[in-house]
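The form predicted on its own is given below as one chain in structure tokens.
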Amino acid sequence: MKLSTESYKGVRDFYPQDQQFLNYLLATYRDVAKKFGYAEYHASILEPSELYKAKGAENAEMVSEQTYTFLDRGGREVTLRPEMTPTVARMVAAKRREFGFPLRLFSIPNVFRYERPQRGRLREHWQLNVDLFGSESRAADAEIIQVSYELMKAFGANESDFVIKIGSRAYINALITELDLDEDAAQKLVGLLDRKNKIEKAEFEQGLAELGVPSEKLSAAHVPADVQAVLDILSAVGIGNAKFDPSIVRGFAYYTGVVFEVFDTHEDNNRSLFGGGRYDNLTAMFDNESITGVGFGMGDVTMHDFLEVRGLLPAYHAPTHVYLAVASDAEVPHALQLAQELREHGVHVASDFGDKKLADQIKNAAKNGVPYLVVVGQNEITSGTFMVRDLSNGNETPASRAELASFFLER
């Protein structure tokens, strides 16, 4: 029986065009993060499962139902990381005496979730994680949001293309205490807020009434002090598309303060793209000295969708500048020598090996997106003049052997 050529459900194969886009995405991630003074780190894809279970029942359920968790050959329960925040918290706690704070870190890990694949959500994706540790200042919250804003701009987005919605888990937690909601009711309130944009207004208001939560307590006009402070700073640095939204709570229980999500405003992709927030107690899992933190995660799948609907996806360009075709086997050594000369000048060259007809060589170079082709035959070798063919339109330009490198590098 022949094996299927399909990849595992919910993951992707990255062919050259796909890999080039991913490289562009990751390079943009790195460029913006470094501009704000963030240093890159990385860690293993495998973590002890207890790292994700340690934050209580909610996370234990996530581990059992939404992660790739298994026993290794030593009988230890391990998990393919579903997110990076617990990992970076562990790493910071381990080296706290060696770091200076505030500490700015970023990473671009591969993360895995076992869930139903759908638009914008797969079982595996690449995710930029940006985290700032050791500052309780509202300016730290604002900086993380500013990094998010600058990333969107770096991808070519205008301010009108996205909106930054900011909420406050601190305010929601205070409201839960004020209304004396028990743990079950508190979880229902957070879940209801998290689903607000996915359900009808009447259903949302009914849910609030059943929990005994006055709707005016969750009015957009009632801006908590922590959110207002962040909005003021963002306005001062020229960010005009941020606003308070009381429904923004984020799903993970470890968030404790200001939280935010970036939404696409396009009618064909009107959804949350990514988000983050403040988590003041996460490093307390590892020792008694908690380090405050704030950060966000930005996935490649939702960003691809955002760029696609707005026509912002970069065009594919083959990494090869020129393909050297050969008229016969006899010219192969000459073509290989010419290819090496061009490479020494910085030209990206692929050379044929003479085992195909010339017409097939030209056709295959075009299939692979190579922009130019040069035929190496006895006439070209003897005269020292080569015809450079533009494979997009068939036009040919003569060039001497000495001129070939500059011809390609100037284009």
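Here the structure is a predicted model, which is why all the values come from computation and not from measurement. The numbering used is simple: start at 1 and walk along the sequence shown.
Beyond the structure shown, there is the form predicted in complex with a small molecule, which is absent from this document and is the topic of what follows.
In the predicted bound form, at least one heavy atom of H125 sits within 4.5 Å of the small molecule. For the chain shown alone, D161 is not a contact residue for the small molecule in the predicted bound form, no non-hydrogen atom being within 4.5 angstroms. Taking the partner from the other structure, the small molecule in the predicted bound form has no heavy atom within 4.5 Å of any heavy atom of D280. The small molecule in the predicted bound form is not approached by F286, whose heavy atoms all lie more than 4.5 angstroms from it. Per the 4.5 Å heavy atom criterion, the small molecule in the predicted bound form is contacted by stretch 125-133, the sole one of 194-202, 309-317, 324-332, 125-133. Just one of K165, R113, R104, R138 comes within 4.5 Å of the small molecule in the predicted bound form, counting any heavy atom, and that one is R113. Taking G207, P246, P109, G297 one by one, only a single residue has any non-hydrogen atom within 4.5 Å of the small molecule in the predicted bound form, and it is G297.
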